[in-house]
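We begin with a single chain expressed as structure tokens, specifically the form predicted on its own.
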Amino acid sequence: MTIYRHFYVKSHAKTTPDINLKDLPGSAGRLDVIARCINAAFWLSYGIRKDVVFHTILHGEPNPPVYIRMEGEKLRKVSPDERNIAIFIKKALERMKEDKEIESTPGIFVSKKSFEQLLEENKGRDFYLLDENGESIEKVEISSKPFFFLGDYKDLEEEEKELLYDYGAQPVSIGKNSYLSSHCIVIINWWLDRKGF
């Protein structure tokens, strides 16, 4: 049985396909950060991790929230560079429907969904909130249904954290330093690999 590892990164990227692919940091609300996180979640030297599901909700203007999910088992033709990943996010925004989830390209799904709806749909999984002051990941017995939550270049809002705690989330730490979100994902993937997940 495949054990899937889920990652959620909140994004402040814009919610319109009008993206300047030559200026992801300046033109798209730091879409470059999410692209790097997606790279960190999926790519190995020799291919894509099939056991990863990546979630993000874009909160930028003009039409938030936009929920995007990527499933490693189904991803096709996506390359690990930021520009290519941004192209696929742009396609998802172009093809989004207001009233239903669609698969914009293989393995990439887009819809209008709130953070609370995401938590409710995944409440059968075990939630872990990345927090420098949380329990060391070395001391935490990670379950076989892990779902990790972190911010992009900004932390989650306190209301979002409280909602996570209402769903039983456990704060976990990978160290006292404040690492880049993409680096956090690499470290977690490494840790789970090492533990034999």
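For every residue, the number given is its place in the sequence shown, counted from 1. Computed from a predicted structure; not experimentally measured.
This next part talks about the form predicted together with a further copy of the same chain, which is not shown.
**Q** Using the partner position in the predicted bound form, report whether D126 sits within 4.5 Å of a further copy of the same chain, counting heavy atoms only.
**A** No, no contact at 4.5 Å.
**Q** Might S45 be said to contact a further copy of the same chain in the predicted bound form, defining contact as any heavy atom within 4.5 Å?
**A** Judged by the heavy-atom cut-off of 4.5 Å, S45 is in contact with a further copy of the same chain in the predicted bound form.
**Q** Would E103 sit within 4.5 Å of a further copy of the same chain in the predicted bound form, counting heavy atoms only?
**A** No - in the predicted bound form, heavy atoms of E103 and a further copy of the same chain never come within 4.5 Å of each other.
**Q** Is H183 near a further copy of the same chain? Define near as a heavy atom within 4.5 Å, in the predicted bound form.
**A** Yes.
**Q** Which residue, E138, D166, E157, E61, is the contact with a further copy of the same chain in the predicted bound form, using a 4.5 Å heavy atom cutoff?
**A** After the contact test, the surviving option is E138.
**Q** Would you kindly say which of D81, E116, E73, E94 lies with a heavy atom within 4.5 Å of a further copy of the same chain in the predicted bound form?
**A** Of the candidates D81, E116, E73, E94, D81 is the one lying within 4.5 Å of a further copy of the same chain in the predicted bound form.
**Q** Using heavy atoms and a 4.5 Å cut-off, decide whether K22, P25 and N39 all contact a further copy of the same chain in the predicted bound form.
**A** Result yes, every residue of the spot touches a further copy of the same chain.
**Q** Within 4.5 Å, heavy atoms only, one stretch in 158-166, 62-70, 143-151, 25-33 touches a further copy of the same chain in the predicted bound form. Which?
**A** Comparing against a further copy of the same chain in the predicted bound form, the contact stretch is 25-33.
**Q** If you apply a 4.5 angstroms heavy atom cut-off, which residues in 163-185 are near a further copy of the same chain in the predicted bound form?
**A** I174, K176, N177, S178, Y179, L180, H183, in sequence order.
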